[in-house]
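Take a look at this one chain, the form predicted on its own, written out in structure tokens.
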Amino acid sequence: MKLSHLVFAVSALAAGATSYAQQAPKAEDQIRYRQSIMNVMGRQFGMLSAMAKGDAPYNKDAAVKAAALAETLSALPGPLFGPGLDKGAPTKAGTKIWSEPDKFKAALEKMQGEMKKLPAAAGDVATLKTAVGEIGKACKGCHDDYREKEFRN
């Protein structure tokens, strides 16, 4: 490919990305994206929790990969709890998220802070147990206060 063709292709991609970014995604799409992130993060954490509890055999390579993915995903959902994203698709996100945004943000940041420690902790089953316990507390606290038991619209 000639350099001029490459420059044109990159320019076209950048223009397309800018155009897409300027179009606000529908609330329904953002809610479903948020749910997908939380689902995958929960599955990774579930695997790590099972290893930490001895319910599944500890596998260092799998633990390190799952921990890295869970930590990466933990940074993504914050903006997806923004204004207007309390409805638009069935969700278990509690309405208190939007009526107590500062408290919710603090709870989310606590979970994210604990998740940042997870990849380093996953390399050893003893440190994994400790990290899983702290993350579990952070997740439970948020779920107890900000998650509904049933879906709502």
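Residue numbers run from 1 along the displayed sequence. Predicted model, so just to flag it, every value in this text is computed and none were measured.
Another form, the form predicted in complex with a small molecule, is not on view; read the next lines as being about it.
Hey, with the small molecule in the model of the complex, do G42, F81 and L108 all fall inside the 4.5 Å heavy atom range?
-> Heavy-atom distance to the small molecule in the model of the complex: all three under 4.5 Å.
With heavy atoms only and a cut-off of 4.5 Å, decide whether L69 touches the small molecule in the model of the complex.
-> Contact check for L69: no, nothing within 4.5 Å of the small molecule in the model of the complex.
Report yes if any heavy atom of K87 sits within 4.5 Å of a heavy atom of the small molecule in the model of the complex; otherwise report no.
-> No, K87 stays farther than 4.5 Å from the small molecule in the model of the complex.
So in the model of the complex, does any heavy atom of L48 sit within 4.5 Å of the small molecule?
-> Contact with the small molecule, no.
Taking the shortest heavy atom distance, is F104 within 4.5 Å of the small molecule in the model of the complex?
-> It does: once the small molecule is placed as it appears in the model of the complex, F104 has a heavy atom within 4.5 Å of it.
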